[in-house]
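Below you'll find only one chain, the form predicted alone, shown as structure tokens.
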Amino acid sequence: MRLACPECDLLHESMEITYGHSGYCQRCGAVLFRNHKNSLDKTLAFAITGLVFFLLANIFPILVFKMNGNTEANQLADGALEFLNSGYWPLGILVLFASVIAPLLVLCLLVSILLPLKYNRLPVIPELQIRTLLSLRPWAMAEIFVIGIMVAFVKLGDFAEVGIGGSLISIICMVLAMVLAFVFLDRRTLWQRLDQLK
């Protein structure tokens, strides 16, 4: 099995390394793979955890505003929907996709690939699922969304009473779970497991 460097495209022969170590590109030094013990199981656990927190993030409000006796609560998709209602369609669709749809699809794809493998079954269309997952990953920008919420929290605190809703904690936990899922995901192990089952 040969691996292409994600940075410079140099091809490398795949080698067995001990758990806890990484393989690096000979030319540019980029990480080719990390050999984590039970990497697919850990990735699946974090992906399911991320899905649970995603569902919780859509139930509770993110921020609660109190100003002049009026209280208003915002949920995860409210910002994108406000752009759409105001006529800013391209921006609204982009925000909705990057903050809600892409993270959900990434987590669902991870679970749909790894859950069948856990029970020694092939996913439905593994090659397409993996390609879609890798294409969507850069668009799942929930972590940028969290930074935006924190900035809004600080700025709005100057002229209104702003409280943190349960959804914000859930979004932060979802982002952490998604990051950890990709930290433990070893693509080399994933392809080897698929080849074994085929």
Partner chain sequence: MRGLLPITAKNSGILACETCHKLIVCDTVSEKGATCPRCKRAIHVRKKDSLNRTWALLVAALVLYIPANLFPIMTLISFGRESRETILSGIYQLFLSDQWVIAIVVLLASVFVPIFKIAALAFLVISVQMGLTWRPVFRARLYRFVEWIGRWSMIDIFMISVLIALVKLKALATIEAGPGALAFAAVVILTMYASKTFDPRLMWDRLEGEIDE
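Residue numbers count along the first chain shown, from 1. Model, not experiment: these values are computed from the prediction.
Heads up, the form predicted in complex with the partner chain isn't pictured, but that's what we're talking about next.
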| request: Give a yes/no on whether I169 approaches the partner chain to within 4.5 Å in the predicted complex, heavy atoms considered. | output: no
| Just to confirm, A152 within 4.5 Å of the partner chain in the predicted complex by heavy atoms? | yes
| task | Considering only heavy atoms, tell me if F53 and the partner chain come within 4.5 Å of each other in the predicted complex. | result | no
| Might W139 be said to contact the partner chain in the predicted complex, defining contact as any heavy atom within 4.5 Å? | yes
| request: Counting only non-hydrogen atoms and a 4.5 Å cut-off, give the residues of 128 to 149 close to the partner chain in the predicted complex. | output: R131, L134, R137, P138, W139, A140, M141, E143, I144, F145, I147, G148, I149
